[in-house]
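This document starts with one chain, in the form predicted on its own, laid out as structure tokens.
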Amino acid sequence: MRKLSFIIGAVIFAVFLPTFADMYLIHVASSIMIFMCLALSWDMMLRTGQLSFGTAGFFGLGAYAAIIAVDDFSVSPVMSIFIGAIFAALIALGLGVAVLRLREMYFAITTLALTSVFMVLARNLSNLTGGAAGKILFHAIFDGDPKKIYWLILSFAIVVIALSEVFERTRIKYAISSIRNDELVAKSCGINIFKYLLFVFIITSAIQGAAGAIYAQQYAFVEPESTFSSNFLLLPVAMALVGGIYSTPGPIVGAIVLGFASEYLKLLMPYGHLIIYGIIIILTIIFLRKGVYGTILDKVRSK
């Protein structure tokens, strides 16, 4: 009940934020929500026991698919977001048949390598992707209106939160938790391990693709190095770990804490903020092993 109250309260605050916030805060909040969605998707895959490092790869695929759809096929910017999600999901379906046979570090390394493969393809398929120079649109989505873009990202974030809660409140939770704890026991209970892993892999990849599509439409530009940047992997992972893994509120809390901390540190220390940012992450992981949300929840329960 407390978890649901927290999520509802966060959503209500986010809905009314544009009524009193300036453009800078709206832009920061939009960016935080994009990374929050990536953090939630990474955590949803982690709940199966599989450590995926392919977040940036599917993010980039969705971004390129959206830009190409608008630029080359005159698809509407909003519709291109769905195309980005579908394209990432289809690639995940094709690759998942092979990579989901792997486990633990082998799976993690393979998904990390996929990001590099996608980036090399984007750089070399210049007729389609623009090559190393990338592709640019003449207009950002909604002509760059920060408030409209904020509402779009908020709507997407609410959908991702709802999906995460479905993973937490239906039989999917018991199946993937069983797989994470002991695959042998899960198999003996009649759980189709590969089916559930593939399902979660496709859903999380679609989320990452949609996030990339929104990000690309917001800035009207894609380029291999920046679009497939490791920031779209490392920051969501850090947010999930700091907030608390295996839950919906954890990545939300982590995204808010690290997102605003990052912006404050940029203003305070323009050339050294990443050092402090890293120290905050390390200290949180060492001393708050369940994350900020998990630690607070444990203290509330103990009272």
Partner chain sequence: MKKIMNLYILFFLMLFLVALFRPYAFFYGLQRGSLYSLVALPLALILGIVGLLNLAHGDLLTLGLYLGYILFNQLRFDPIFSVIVIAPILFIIGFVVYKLTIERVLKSHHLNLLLITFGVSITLVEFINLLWTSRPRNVYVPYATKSINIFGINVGAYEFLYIAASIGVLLLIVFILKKTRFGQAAFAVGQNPKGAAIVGINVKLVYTITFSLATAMIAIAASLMIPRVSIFPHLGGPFTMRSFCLTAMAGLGNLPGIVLSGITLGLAEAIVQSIPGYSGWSDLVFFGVLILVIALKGYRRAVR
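What you are looking at is a predicted structure, and each value in this text was computed from that prediction instead of being measured. Numbering follows the first chain given and starts at 1. For clarity, a rigid core is taken as the largest C-alpha set superposing within 1.5 Å between two forms.
Keep in mind the form predicted in complex with its partner chain is missing from the figure; the text below concerns it.
S.K.: With its partner chain left out of view, choose which of L128, V159, V120, V78 has a non-hydrogen atom within 4.5 angstroms of it in the predicted bound form.
M.R.: Result of the distance check: V120.
S.K.: Against its partner chain in the predicted bound form, would F73 count as a contact residue? Criterion: heavy atoms within 4.5 Å.
M.R.: Residue-level check for F73: no, no contact with its partner chain.
S.K.: So, in the predicted bound form, is V11 in contact with its partner chain at a 4.5 angstroms heavy atom limit?
M.R.: Residue-level check for V11: no, no contact with its partner chain.
S.K.: Would you classify A98 as touching its partner chain in the predicted bound form, given a 4.5 Å non-hydrogen atom cut-off?
M.R.: Close contact exists here: in the predicted bound form, A98 approaches its partner chain to within 4.5 Å, heavy atoms only.
S.K.: So, F35 and its partner chain: in the predicted bound form, are they within 4.5 Å at any heavy atom pair?
M.R.: Contact with its partner chain, no.
S.K.: Heavy atoms within 4.5 Å of its partner chain in the predicted bound form: which stretch among 202-210, 83-91, 159-167, 98-106?
M.R.: One stretch meets the cut-off, namely 98-106.
S.K.: Give, in sequence order, every residue of 233-257 that has a heavy atom within 4.5 Å of its partner chain in the predicted bound form, or say none if there are no such residues.
M.R.: Contacting residues: L233, L234, V237, L241, Y246.
S.K.: On a rigid core superposition, would V292 pass a 2 Å threshold for CA movement between this form and the one not shown?
M.R.: No, shifts by less than 2 Å.
S.K.: With both forms fitted on the core, check whether the Cα of A21 differs by 2 Å or more between this form and the one not shown.
M.R.: After core superposition, the displacement of the A21 C-alpha between this form and the one not shown stays below 2 Å, so no.
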